[in-house]
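So this first bit is one chain, no partners, the form predicted alone, shown in structure tokens.
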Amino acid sequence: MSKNPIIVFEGIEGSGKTTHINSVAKYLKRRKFSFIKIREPGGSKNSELIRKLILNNKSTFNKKTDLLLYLAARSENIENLIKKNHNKKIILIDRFIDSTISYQHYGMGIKKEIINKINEFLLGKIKPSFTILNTVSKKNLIKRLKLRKNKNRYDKFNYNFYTKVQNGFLKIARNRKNYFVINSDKDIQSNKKKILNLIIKKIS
């Protein structure tokens, strides 16, 4: 594995993935590692513009348009950020290709083959080195979403949808050796240490 891996943080809303990616970024910055941190949708300038469209509470895109907007944002990141830094810097990504499979296929019912084909076209030889999947119980998901002051369009689905998406992530994880599942219902500090130890092992 490259000393400059692509590390992806996945999980549904309220699973703690953003908290953990920020914790890892702080550690890498303190230790003066060379890295970039990207979120999806978002990241590059154009991707952030697309993010505003996708997550806007007034947006009423159908599921096919949503898919294409997510993939358009990814295309901008790959061309403007990921390819330029691949194997040169550690790349941290908050959501990536498996989010598209989990949300748009398992959650919304779009054919997986279509998503895979476009991802292959966009990514070429680029692929994640390993993925940290954060899971959350329905009880904590409800609690954490209620605490959010600014909810976007994807924070407002019914809980059955999030269950389908999380089960989709777990199906993907079962077939991958480079997947690490973190139960976010457990103590947050202990999970932070677990994730940091895993990453230190991979990059040292």
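It should be emphasised that the depicted structure is a prediction, and the values quoted were computed from it without experimental measurement. We number the residues from 1 along the sequence you see.
Quick note: we don't show the form predicted together with a small molecule, though the next part is all about it.
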Within a 4.5 Å heavy atom cut-off, is Gln104 in contact with the small molecule in the predicted bound form?
yes
Hey, in the predicted bound form, does Thr100 get a heavy atom within 4.5 angstroms of the small molecule?
yes
Do Pro41 and the small molecule share at least one heavy atom pair within 4.5 Å in the predicted bound form?
yes
Contact between His20 and the small molecule in the predicted bound form at 4.5 Å, heavy atoms?
no
If contact means any heavy atom within 4.5 Å, which of 57 to 65, 33 to 41, 174 to 182, 133 to 141 contacts the small molecule in the predicted bound form?
33 to 41
